[in-house]
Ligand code: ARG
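A single chain, nothing else alongside it, follows as structure tokens in the form predicted on its own.
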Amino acid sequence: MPAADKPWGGRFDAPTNHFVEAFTASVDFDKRLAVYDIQGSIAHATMLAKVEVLSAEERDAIIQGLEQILGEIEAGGFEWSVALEDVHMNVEARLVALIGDAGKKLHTGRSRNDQVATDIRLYVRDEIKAIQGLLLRLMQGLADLAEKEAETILPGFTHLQSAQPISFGHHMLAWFEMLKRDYQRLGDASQRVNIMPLGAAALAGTTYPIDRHYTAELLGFSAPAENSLDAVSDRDFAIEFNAAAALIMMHLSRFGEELVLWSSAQFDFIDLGDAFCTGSSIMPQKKNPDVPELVRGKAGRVYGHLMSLLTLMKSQPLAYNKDNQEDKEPLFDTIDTLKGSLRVYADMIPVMQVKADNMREATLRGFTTATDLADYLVRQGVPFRDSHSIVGQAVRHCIEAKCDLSDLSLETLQQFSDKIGADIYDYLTLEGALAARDHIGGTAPKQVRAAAERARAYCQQQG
């Protein structure tokens, strides 16, 4: 396309090099912003008519033309041109072709700098809502599973060594709490997303008598941006969103790591649905947990996008720079990756089979009630450091005898401390160990059910 035919071509004599034209174009990826670009343009035209920069007839023609273009895009019949560089110029060129000179007036009082910043904020605002919806669906699934498995006993680990018996439901609610923070973090970030750059124009504002508060109201923004320089160059909101997304992916990756371990033959705690696994091309017995493995890997992809955005912005002077064209691909891919990961987890968790017998058997190994014996001795007046030593001796005895603490006779236990009475077996059983932690945040089944009920109520309140 000759330079003179481009919207900015008046100052140029020579056409843009074809490779440079393709190299600098963004339409192949920013066309996903088309619906938001059109929303912003309709609001802008409506505002321009309100302040009498456009006539009512021009406004109506522009809005009608933009709505037709949106229909063409949604129907897949819109012809995108790399020569027109980006989504904004593609839409504007089509508008001019449809309605003539009135279409050329749409850009009055704005720049592509504030236009694209507005489009991205509108897009991220909607995507945050969609992601929060997926988070709630996964959180609801975890709450339901927690209630169902409140009495299922699982070995709790530290350093991946058996530590203490816990409820499997309690473990699921730990993941719920992580995702709840993620949900809230996105809600907090959305407040900073919901600031409108439109009206900042290229960098200094405009000489036209625009009403930015009215435009913000039309687009559902909480307020217009206070400083025009910052409005067009700020990408903090995208970085903050990506940081929140990285945290979500970290949580999903940790969850995935446990699902991979638990579904292995060595643990055999769960069975993932066949729809979420694949087989081996050579080993017919294999059932590979590809979904959690892939999500675990995709976390690194999102981390990379966060670093890409931080690096993109670290050396930019005010105000807008062409560098900012590179903000969209990492942002878009982060959103796609995160939504896909949440959706597949939300589908997978409700059909996951829990192997309670195998979990219980594993909990019986590793002396997971040793802390309960130490706590019992403390309640009998034995200093904790002494009780710690006494229980350590008892554990060493069990290792040599190849038995569990609960298998020892009262007479044998009393060889380690005469403070031990017959009631000790109420604490050495797995059920007793769980029931003893009967406080908010504890793993007692009663507390797990109450926590699951609160978790479901939270999801319903947010939904």
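Just count from 1 along the sequence shown to find any residue number. What you are looking at is a predicted structure, and each value in this text was computed from that prediction instead of being measured.
This next part talks about the form predicted in complex with this ligand, which is not shown.
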4.5 angstroms heavy atom contact with this ligand in the predicted bound form for D30: yes
4.5 angstroms heavy atom contact with this ligand in the predicted bound form for V116: yes
In the predicted bound form, Q325 touching this ligand (heavy atom, 4.5 Å): yes
This ligand contact at K105 in the predicted bound form, heavy atom, 4.5 Å: no
The single option of T412, T46, S26, S417 touching this ligand in the predicted bound form, heavy atom within 4.5 Å: S26
Sole residue of R94, H170, R110, H88 within 4.5 Å of this ligand in the predicted bound form, by heavy atom: H88
Candidate stretches 69-77, 214-222, 142-150, 317-325, one within 4.5 Å of this ligand in the predicted bound form by heavy atom: 317-325
Contacts with this ligand in the predicted bound form - residues in 381-407 whose heavy atoms fall within 4.5 Å: none
